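One chain comes next, on its own, written out as structure tokens in the form predicted on its own.
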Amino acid sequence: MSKLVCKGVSKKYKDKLAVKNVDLTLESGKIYGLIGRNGAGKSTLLSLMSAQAPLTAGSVEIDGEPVWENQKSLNRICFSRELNVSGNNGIAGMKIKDYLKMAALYYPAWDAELAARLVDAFEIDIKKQIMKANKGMLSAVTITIALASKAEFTFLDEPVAGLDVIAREYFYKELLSEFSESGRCFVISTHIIEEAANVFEDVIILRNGEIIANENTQELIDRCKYVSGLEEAVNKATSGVETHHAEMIGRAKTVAAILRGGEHIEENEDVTVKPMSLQNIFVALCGEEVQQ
């Protein structure tokens, strides 16, 4: 099993620490969801793990080999992100077909047959210049490169942002098909949480540049509950339990309870306990500070 390991990874831009002392291990054969609010450090972390930006502190290695300035490791990584079509950056004026040819040269394991099939399925006009393509087509190009790269560690930053619901469903289908066939490691950063939740085996939640949750998605969902009832009953039921996102309507109170080793809240005539979705959990954890 191949592993990408981050140890004490930090990135500082001027006076802002965008990523703070992150320890993280990614394993082949898993699909990870990377979620967080805008500015939480998701894109920065992906850039650091793929050596597209230098570290301020820490290290990133694949199977003991450094990623930074090491082509052997870089050949095993693909970070496919939204294409920059502004200004004269050398890419904006390029035709999509030429951009795909460039990708084929860059990634040693490039699958030309898969790329051609995705181009047809997404109806990508490869003769169009990148700067003249709409957001949906640009998203389809980034997905095509990510999947066809065959890179062992493949990172996708907001891959479905420009796609309609039919194209998004096709992407998830192709992602799972490629994952099942290859056992690659995928990390998907997205704001469309509920739609992608079933795809994520593990979920990583970033808040202000720090990882606040990193675990199996279903296990996280299973231990997070909404607890509702009269304020006094809810406070009693959740005493000593980590709670977030309290809401009051008159004397009634609802909180998100995060249960840890052995903790349990019993539903009774005074307290209602309901399950939470991954999106509910994200809002609870990132919407406000912890309450005790």
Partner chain sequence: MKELLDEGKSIYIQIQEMIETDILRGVLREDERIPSTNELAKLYIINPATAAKGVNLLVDSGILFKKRGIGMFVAPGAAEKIRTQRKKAFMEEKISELLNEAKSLGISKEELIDMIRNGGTKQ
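Residue numbers count along the first chain shown, from 1. Since the model is a prediction, treat every value here as computed from it, not as a measurement.
Not pictured, yet referred to below: the form predicted together with the partner chain.
For the three marked residues, N208, I211 and E247, no heavy atom of any sits within 4.5 Å of the partner chain in the predicted bound form. The partner chain is not shown here, and in the predicted bound form it never comes within 4.5 Å of any heavy atom of M131.
Remark: F155 does not count among the residues lining the partner chain in the predicted bound form, judged by a heavy atom distance of 4.5 Å or less. The shortest heavy atom separation between D120 and the partner chain in the predicted bound form exceeds 4.5 Å.
Contact annotation for V199: at least one heavy atom lies within 4.5 Å of the partner chain in the predicted bound form.
Per the 4.5 Å heavy atom criterion, the partner chain in the predicted bound form is contacted by stretch 174-182, the sole one of 174-182, 155-163, 133-141, 120-128. In the predicted bound form, the partner chain lies within 4.5 angstroms of a heavy atom of only one residue of 12-35, namely I31.
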